[in-house]
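First comes one chain, alone, set out as structure tokens in the form predicted alone.
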Amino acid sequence: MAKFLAVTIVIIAIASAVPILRHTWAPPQDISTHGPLIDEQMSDTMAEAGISFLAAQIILAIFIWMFAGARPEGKIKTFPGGAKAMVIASLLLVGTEVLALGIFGQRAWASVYFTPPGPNAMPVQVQAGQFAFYFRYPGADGKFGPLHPEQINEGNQNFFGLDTANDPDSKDDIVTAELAIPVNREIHLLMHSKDVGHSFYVPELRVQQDFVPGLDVSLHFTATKVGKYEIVCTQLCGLGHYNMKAYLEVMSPDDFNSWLKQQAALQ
């Protein structure tokens, strides 16, 4: 029975690796300039974790094959060095793996988080709240008006709490429920949560960023393909979490300018 279990473990472990090696579940198309680095890092992580997983399962099967059928009166065998040596070896192996992944992934991580947006990046404010995303663009003056949390009122669609009567910079701001951006232009998202933790996830952009209540989060990227893509919240944020989504529409520069003028007329 023990040998049957050992063989079963090996078969299941190898079978689980087949879909990954065959790329059965391919990721969605990449539409970002930093996407290739992210995909490369993901491939490295899957390869390293996969090899470690297979090695662990094969070693487990070997131990079961060798020792599970030992008789009570037989001589007890111990691992050289005892449990202490095994723990030290495990820490060294896991530590080396984590360090290697960090070294391999530093370029991808730095391109998103440690490199500031360029001076010509287009700023867009993103507000997440139960259970919707809202986006704000600066108007013709290129400036955002200040936020007044006490004036937030979804009933009259003042989602950002703007005081257009007293704040000149707020009068031409554009607030929408859809994120539209021009293709091949760097976008600088200024992100905040109105209530609890949320997340901004666009698989095609290779971007997944959490909103942290009380913290302004900065994120920048450049989309390279025209199209419409889904934005979803991946943090459990309440009963309506399942339906919290918006859409990212990547447009040509001319189409984006026309869209922006249309949205400004609707404010």
Partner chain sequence: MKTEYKYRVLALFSALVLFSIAILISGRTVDAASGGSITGKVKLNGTAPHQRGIDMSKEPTCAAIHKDKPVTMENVVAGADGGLADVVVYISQGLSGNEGASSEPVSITQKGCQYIPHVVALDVGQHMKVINADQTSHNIHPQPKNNPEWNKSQPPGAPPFDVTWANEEIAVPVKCNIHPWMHGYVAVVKGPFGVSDESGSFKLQGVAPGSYTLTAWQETYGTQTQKVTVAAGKPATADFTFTAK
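Because the structure is predicted, anything quoted here is derived from the model rather than measured. Residue numbers count along the first chain shown, from 1.
Below: the form predicted in complex with its partner chain, not depicted.
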property: Distance check, Asn184 to its partner chain in the predicted bound form, heavy atom within 4.5 Å; result: no
property: Contact label in the predicted bound form: Glu178 to its partner chain, heavy atom within 4.5 Å; result: yes
property: Asn166, heavy atom within 4.5 angstroms of its partner chain in the predicted bound form; result: no
property: Ala132: touches its partner chain in the predicted bound form, heavy atom cutoff 4.5 angstroms; result: yes
property: Residues of stretch 240-255 in contact with its partner chain in the predicted bound form (4.5 Å, non-hydrogen atom); result: Gly240, Tyr242, Asn243, Met244, Lys245, Tyr247
